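One chain comes next, on its own, written out as structure tokens in the form predicted on its own.
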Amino acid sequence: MGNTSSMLTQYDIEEVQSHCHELFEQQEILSLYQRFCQLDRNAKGFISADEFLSVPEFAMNPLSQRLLKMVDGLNFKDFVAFLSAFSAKASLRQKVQLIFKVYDSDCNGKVSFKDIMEVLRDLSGSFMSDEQREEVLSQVLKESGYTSDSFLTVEDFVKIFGSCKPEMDVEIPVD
């Protein structure tokens, strides 16, 4: 399914749709497959971190190093599953689960104050001092009913993000 010389069968498309909870139409999956094959320059059936970095928007993202840990070595089916969080049809939970994974860099199922500070540092760079970041984060946590000693779970993220509905929809161009 990841080789550029192969084509997707109807069965492959339906399998990918099922794996991704029917969030993409058949034409979108075909377009994503074309893009996957372009990125998979060596036709290995998976995309490496270097191949992901060839996408300028990805390389410029301040969270690209965190995202690379999540996407390095994805086959086509998992590539589409990763992108499904960006579908307009994705549920709040699906979107928040991806956001949670970005923050949970050690994959222990919990996000600490330190984890969030690292993401804030990546996002704000030199525009904010660590003291400013700590102050802002402490205030946001306090308003949400947490402290700097709290460990947040994905359920906590759903509760926090549920009120703001994260906008992360990306339209898949269909040829």
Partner chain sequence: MSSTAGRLVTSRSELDLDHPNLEDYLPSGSSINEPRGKLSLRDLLDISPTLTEAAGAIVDDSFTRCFKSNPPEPWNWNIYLFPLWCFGVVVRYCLLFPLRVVTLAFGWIIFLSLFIPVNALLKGQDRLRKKIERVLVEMICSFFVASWTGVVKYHGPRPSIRPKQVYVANHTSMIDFIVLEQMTAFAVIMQKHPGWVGLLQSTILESVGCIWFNRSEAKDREIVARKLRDHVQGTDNNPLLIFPEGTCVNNNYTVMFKKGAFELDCTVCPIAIKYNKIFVDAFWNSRKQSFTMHLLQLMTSWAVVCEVWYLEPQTLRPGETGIEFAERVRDMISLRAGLKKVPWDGYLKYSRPSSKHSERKQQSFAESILARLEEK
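Positions refer to the first chain, counted from 1. Rigid core (definition): largest C-alpha set, two forms, superposition within 1.5 Å. Everything numeric in this text was worked out from a predicted model, so none of it was measured.
Only in words, not in the display: the form predicted together with its partner chain, which the text now covers.
**Student:** Using a 4.5 Å heavy atom cut-off, state whether residue 125 contacts its partner chain in the model of the complex.
**Tutor:** Looking in the model of the complex, residue contacts with its partner chain include residue 125, since a heavy atom lies within 4.5 Å.
**Student:** Examine residue 161 and determine whether its closest non-hydrogen atom to its partner chain in the model of the complex is within 4.5 angstroms.
**Tutor:** Yes - in the model of the complex, heavy atoms of residue 161 and its partner chain come within 4.5 Å of each other.
**Student:** Residue 62 versus its partner chain, in the model of the complex: is there a non-hydrogen atom within 4.5 Å?
**Tutor:** Residue 62: yes, in contact with its partner chain in the model of the complex.
**Student:** With a 4.5 Å heavy atom cut-off, would you call residue 102 a contact of its partner chain in the model of the complex?
**Tutor:** Yes, residue 102 lies within 4.5 Å of its partner chain in the model of the complex.
**Student:** Can you confirm whether 32, 53 and 143, the three residues that make up this candidate site, all sit within 4.5 Å of its partner chain in the model of the complex, judged by heavy atoms?
**Tutor:** Contact check passed for all of 32, 53 and 143.
**Student:** Heavy atom within 4.5 Å of its partner chain in the model of the complex: which residues of 154-169 qualify?
**Tutor:** The stretch touches the partner through 157, 160, 161, 164, 165, 166, 167, 168, 169.
**Student:** Once the core is superposed between this form and the one not shown, does residue 18 show a C-alpha displacement of at least 2 Å?
**Tutor:** No, its C-alpha moves less than 2 Å.
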